[in-house]
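Here's a solo chain for you in structure tokens, the form predicted on its own.
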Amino acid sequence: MLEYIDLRYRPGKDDVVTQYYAEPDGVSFEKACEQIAGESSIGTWTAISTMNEKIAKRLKPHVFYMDKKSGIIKIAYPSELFEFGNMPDILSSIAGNIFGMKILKNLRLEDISFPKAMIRSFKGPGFGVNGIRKLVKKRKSPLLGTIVKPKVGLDPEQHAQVAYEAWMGGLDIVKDDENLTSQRFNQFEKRVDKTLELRDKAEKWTGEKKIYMPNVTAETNEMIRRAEYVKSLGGEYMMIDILTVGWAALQTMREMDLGMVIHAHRAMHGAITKNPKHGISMLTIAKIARLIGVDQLHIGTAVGKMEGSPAEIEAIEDEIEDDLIHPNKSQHVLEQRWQGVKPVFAVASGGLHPGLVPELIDILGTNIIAQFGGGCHGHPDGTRKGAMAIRQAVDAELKGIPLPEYARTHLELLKALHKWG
């Protein structure tokens, strides 16, 4: 008897709706769908005497869509199954034991749709796109940034100087790399002190707002202490490696409501997202991160060194077929109109250099934060000239002038194009 499959069911406004890709192992597709739905909710592997009709009627999920050819299934769960405002609980159900079931060769959580009441139980971004643009005082063009390189090895003074050169060259943002926290050669407090000091100096000389994103990633209580330290010195941002610290820690940092922008780095996502047949999609991670309350999120570049097709990355940043109930209805993901939830700034980072700017903007538009690491510091004339070349490339694209033509009168861009193409 198939308890959970009901292809006539139509999800209600209070349902949590998920989409999975599934490959059965030794059982029928229908049996696999049954087991996924049951194990992620009220069921188990066999009939049990403790189950009663009242529980089953009120709380059972519904597999309302199945396609054996594509391997796609969609399940609607009554929201009563979940504790609102508790992301670890939600994921322990829809992305928990089901990944370890023997009857499945592969399983991937492709997408999730939250009901309005559940969305309201999370804070969402404190600043979002508009708040960040207001802070940086840049209304339309892409925000431009760099990551201090080398990733690790510089002392606090050297780190701050690299940041200063990037700001003086015209970039808006400098951030720590994902694996720089508080090593002995570059301790957190000293680095923040020196870098914010030179941020202030760069602002004075350029007349532009400059941003520093220190990586506060650590044990949760230590993250809180570090974020508060940054704020005490006039810093407006914290960067968190959201997957390595975990959803609960991220939610704690957002619930603290420190009045700081949260920049979300997705380090470790490839272990979860890279296999197209198993794991959790970056789209799903992006939705969860937005719901909890990050303001900025790395999504890849589509043209750089990291995994991710242009279509996949554009889908996360821009319009996609996101409604799992009515799949012809187009919505936004990071910028979709969730009730009371601010849009998230998409961050393009990973292997970017000035020559890739036209293609990047063509794919993702101008409402992005573009981060250049090696593509800034690897410039033949150093960091400041690399920053100038990046800004020149963006200026050329916004003016509709081909990069080779613009480079004839902009030496920094010319040298960047000669090196990287």
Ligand code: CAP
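Small disclaimer: the values here were computed from a predicted structure and weren't measured. From 1 onward, residues are counted along the sequence shown.
What comes next is about the form predicted in complex with this ligand, which does not appear here.
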Inset, instruction - Please determine, with the chain shown alone, which of 247 to 255, 169 to 177, 75 to 83, 283 to 291 has non-hydrogen atoms within 4.5 Å of this ligand in the predicted bound form. - result: 169 to 177
Inset, instruction - Identify, from the list R108, H159, K210, H265, the residue with a heavy atom within 4.5 Å of this ligand in the predicted bound form. - result: H265
Legend entry - Residue among K123, K116, K151, K190 with a heavy atom within 4.5 Å of this ligand in the predicted bound form: K151
Inset, instruction - Although this ligand is absent from this view, report whether L352 comes within 4.5 Å of it in the predicted bound form, heavy atoms only. - result: yes
Legend entry - Exercise: L144 in contact with this ligand in the predicted bound form, heavy atom 4.5 Å: no
Inset, instruction - Considering only heavy atoms, tell me if G300 and this ligand come within 4.5 Å of each other in the predicted bound form. - result: yes
Legend entry - Contact of G38 with this ligand in the predicted bound form (heavy atom, 4.5 Å): no
Legend entry - Residues of 351 to 387 having any heavy atom within 4.5 Å of this ligand in the predicted bound form, listed in sequence order: G351, L352, Q371, F372, G373, G374
